[in-house]
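What follows is a single chain, given as structure tokens, in the form predicted alone.
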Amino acid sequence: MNQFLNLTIYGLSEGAILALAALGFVLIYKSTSVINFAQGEFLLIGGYTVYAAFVVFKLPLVLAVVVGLVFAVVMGLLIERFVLRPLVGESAISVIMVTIGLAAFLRAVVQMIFGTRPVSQPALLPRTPVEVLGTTIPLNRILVIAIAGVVLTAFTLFFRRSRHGIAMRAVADDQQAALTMGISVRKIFAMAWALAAVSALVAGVLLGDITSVSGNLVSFGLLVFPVVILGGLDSVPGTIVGGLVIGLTAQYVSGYWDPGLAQIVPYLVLIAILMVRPYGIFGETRIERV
């Protein structure tokens, strides 16, 4: 029972981070129909940005996070304006290749500045052991779940209640209809990239705190693909369910079976979902008539 509870908390914390990372991916896909292969690098940039502000420039933690958020917004806006917008009207494969190139560029920039070895960063969240139902669990794992839950709730309220959130949903449903209603699709595209960078920054900072700030953040970011395929490429609730399922599955396989197998289980889930339900659990089934 103790092992089960321990694995569950660890799985939920990593699943919550995956949901945050996948949220950015879905935002971009829903609004612009672009599959962003650089989402893992967005986590990397987020983790290293807060590290630089907090450790290198010795800013207070809150100010370092604010600097990281501002940097993420600016980065998202610049990428949309100078990398993606010129590709409007180009083929899907061209856009995909550009995002792959963007991923390589961002990764190379981080390696040139910070090197390839993990960097040392003081703990951002307290790691005090706490007892839950007779099991000792690090406090930071519980706080990660809580923080991710708050951020995901804030994003959900933004989409449902705010004017800009409703405009983003309108563009995602039908860009032509949104244009006739006076919604600026270009601004929505820019907002989607900025919000995707912000959600990735939060995910990168949380992941860097419970593991380490290193190039492995990119590898974790690749798990975004099993999450969005499982939950649905265009479903925000699907990212939450998909993230938690992948996080828990990987932890249970690692704890009860083989840690090595846990590395590939998410991709086996991806293949299985593609075979039986290509649009994911919550994805919208699109039927094209010819």
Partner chain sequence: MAAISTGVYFRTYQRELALRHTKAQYVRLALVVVAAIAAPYLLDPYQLSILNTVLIAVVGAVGLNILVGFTGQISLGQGGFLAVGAFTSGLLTMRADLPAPLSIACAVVVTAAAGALFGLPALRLKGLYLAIATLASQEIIVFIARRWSFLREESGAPLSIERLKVGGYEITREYFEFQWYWILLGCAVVAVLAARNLFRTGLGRSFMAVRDQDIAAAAIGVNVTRTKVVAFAVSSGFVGLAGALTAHYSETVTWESFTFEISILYLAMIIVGGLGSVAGAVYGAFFITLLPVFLNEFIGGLGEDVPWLVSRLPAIENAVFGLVIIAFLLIEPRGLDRIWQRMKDYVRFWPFRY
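Positions refer to the first chain, counted from 1. Only a predicted model underlies this, so the values are computations on that prediction, with no experimental measurement involved.
Another form exists, predicted together with its partner chain; not displayed. Remarks below refer to it.
Trainee: Only one of these stretches, 218-226, 247-255, 43-51, 56-64, has heavy atoms within 4.5 Å of its partner chain in the model of the complex; which one is it?
Mentor: Going by heavy atoms within 4.5 Å, the stretch is 218-226.
Trainee: If the cut-off is 4.5 angstroms on heavy atoms, which of these, 134, 86, 122, 126, is the one near its partner chain in the model of the complex?
Mentor: Partner contact (heavy atom, 4.5 Å) among the options: 86.
Trainee: Identify which of 104, 74, 130, 146 has a heavy atom within 4.5 Å of its partner chain in the model of the complex; exactly one of them does.
Mentor: It is 104 that has a heavy atom within 4.5 Å of the partner.
Trainee: 6, 157 and 166 - do all three of these have some heavy atom no more than 4.5 Å from its partner chain in the model of the complex?
Mentor: Verified in the model of the complex; spot residues all out of contact, no.
Trainee: Would you classify residue 279 as touching its partner chain in the model of the complex, given a 4.5 Å non-hydrogen atom cut-off?
Mentor: So residue 279 counts as contacting its partner chain.
Trainee: Evaluate residue 191 for contact with its partner chain in the model of the complex, applying a 4.5 angstroms cut-off between non-hydrogen atoms, and reply yes or no.
Mentor: So residue 191 does not count as contacting its partner chain.
Trainee: Is the gap between residue 97 and its partner chain in the model of the complex 4.5 Å or less for some heavy atom pair?
Mentor: Looking in the model of the complex, residue contacts with its partner chain include residue 97, since a heavy atom lies within 4.5 Å.
Trainee: Evaluate residue 233 for contact with its partner chain in the model of the complex, applying a 4.5 angstroms cut-off between non-hydrogen atoms, and reply yes or no.
Mentor: Judged by the heavy-atom cut-off of 4.5 Å, residue 233 is in contact with its partner chain in the model of the complex.
Trainee: Between 31-48 and its partner chain in the model of the complex, list the residues on our side with a heavy atom within 4.5 Å.
Mentor: 35, 37, in sequence order.
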